[in-house]
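The chain that follows stands alone, in the form predicted on its own, written as C-alpha cells.
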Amino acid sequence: MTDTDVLVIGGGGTGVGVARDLAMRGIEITLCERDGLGGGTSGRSHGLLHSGARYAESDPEGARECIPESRTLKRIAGECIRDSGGYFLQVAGDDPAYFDEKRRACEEVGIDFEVLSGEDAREAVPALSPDVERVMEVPDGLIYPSRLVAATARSAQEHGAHVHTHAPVSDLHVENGHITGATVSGIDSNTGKRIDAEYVVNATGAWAGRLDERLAIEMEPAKGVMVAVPFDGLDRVLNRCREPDDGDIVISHPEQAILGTTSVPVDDPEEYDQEDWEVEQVIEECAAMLPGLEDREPERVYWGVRPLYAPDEAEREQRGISRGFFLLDHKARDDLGGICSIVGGKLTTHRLMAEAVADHVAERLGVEAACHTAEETLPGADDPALLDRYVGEFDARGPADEDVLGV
C-alpha cells in the first residue's frame, strides 16, 4: 500500500509545476520542499519572462519554446506576470551586425518585433542613454516568482496534491533496484516519516546531484548576482543587444530596477563567495543603458544559482546559447527504476518542463490523461492580495519580488 502515487522532491517552479500537472491528471501527489517554496533558484532569479528574442539567433529551438510559454503565462498567471514589453538596445560601440542578426532570427522564428530609432525609443523611455542608437521592441515581460510558485502550488492543492514545506528528504528507499519512496522530516514531527510512492520525481534543481549518491547527475552550478536599485518610471525590460555578458539585463519593477547578472561557476550551490566586484560590474554595465545607476545606492542585493547540467555545459563555447532542460530517466541511466530527474531550463519554460515530466510519469504509471495546465487560470490570478496570501501560506517570499509583495 503506497502513501502516494508520486513523490515530488523540490518546491521550485518546476517542482510545483509537476505537482500541478500530475494532480490535474488525477494522480495522487505529495510534494516535499526542505525550505519554503521557491527558496532555491526560482525565488532568486531576475524574473525575466523571455519572449525568446534573447536566444533567437543562437538557439532557435530554445526561442521557439519560449514564445508559446510566455504567451501561456500571460494568459493564465494574471498578477504573477507583468506584461511590460522589452527593448533590445544597441549602444554606441556595440556591433550593429549582431543587432541585424537578431532581427533576422526573430523574424524567422516568429517573434513579433519593431525596430525603433534611438530618438523614438527615448521619447517612450526618456531615461535611456543618449548612446542608444537602435532598439528592437519585443514581447518580453517579467515574472513575480514568489506569486507564480505559490499560485501554482495552490492549484496543485485544489486538484488534490499534498504540499509540504520545511520537509527535507533524508533518504531514498530502494528495493530490488527500484525506488520505493523516501524518508521525510517535518511532516508529522521533526522525526523522519517514511513516504512510499509508485514513482519519485527529483526536481531539486542545482541540488539534483546531491539528492542521492546512486543518482549519477553531474551538475555545474553557476552563481549570478542581482542588484535592486530605486528607479521610477521604467516600464520596459531592457536587454543589451550584444553577445550575452555580465550586466546586460534590467528588469522594471514599479519603483525599482533589478539589474543582472553575472555567471560564475561554483562548486557548491549553497556555499560560495558573494563578491563586491560582481555588484560593481553589473551596475557599471547596466548604466550604459540607464545613465545614473552608478550613483544609486542598492536597496537589495541577492545571488541565485543556475541549475546547469554539466554534460550540456561542456559542449558550449559561449554564454549566448540558450540552456535547455533535460529529463533524466534513471532506469536507463543508472539501472535504478521508479525515479526521474529534471534539470536545466529556465523559469519561463517551467510549465513545459513540468508537462514533459508529467507525460513521462503518467506513461510509467499507465495513466492516459492529457496535460491541461495551459488551459486553466491559476487561482487568485487577478487578485494580488490573495496571491500574496498564498505566498505567506507556502513561505514562498523570495528576494526577486520582495518590493512588490504585500505585507
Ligand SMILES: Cc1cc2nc3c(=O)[nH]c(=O)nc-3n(C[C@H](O)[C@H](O)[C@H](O)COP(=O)(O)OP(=O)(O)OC[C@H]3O[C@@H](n4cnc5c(N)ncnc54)[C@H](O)[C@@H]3O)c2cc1C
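Just so you know, these numbers come straight off a predicted model, no measurement behind them. In case it trips you up, residue 1 is the first one in the sequence shown, and so on.
One more form of this protein exists, namely the form predicted in complex with this ligand; it is left out here, but the text below deals with it.
The candidate spot formed by 13, 46 and 348 lies fully in contact with this ligand in the predicted complex, as each residue has a heavy atom within 4.5 Å of it. Remark: of stretches 93 to 101, 301 to 309, 115 to 123, 153 to 161, the one touching this ligand in the predicted complex is 301 to 309 (heavy atom within 4.5 Å).
In the predicted complex, at least one heavy atom of residue 205 sits within 4.5 Å of a heavy atom of this ligand.
Using a 4.5 angstroms threshold between heavy atoms, residue 9 counts as touching this ligand in the predicted complex.
Within this chain, residue 224 lines the site of this ligand in the predicted complex, having a heavy atom no more than 4.5 Å away. Looking at residue 337, you'd find every heavy atom of it more than 4.5 angstroms from this ligand in the predicted complex. The partner is absent here, but in the predicted complex a heavy atom of 211, alone among 105, 290, 182, 211, sits within 4.5 Å of this ligand. Counting a residue when any of its non-hydrogen atoms is within 4.5 Å of this ligand in the predicted complex, the hits in 152 to 180 run 167, 168, 169.
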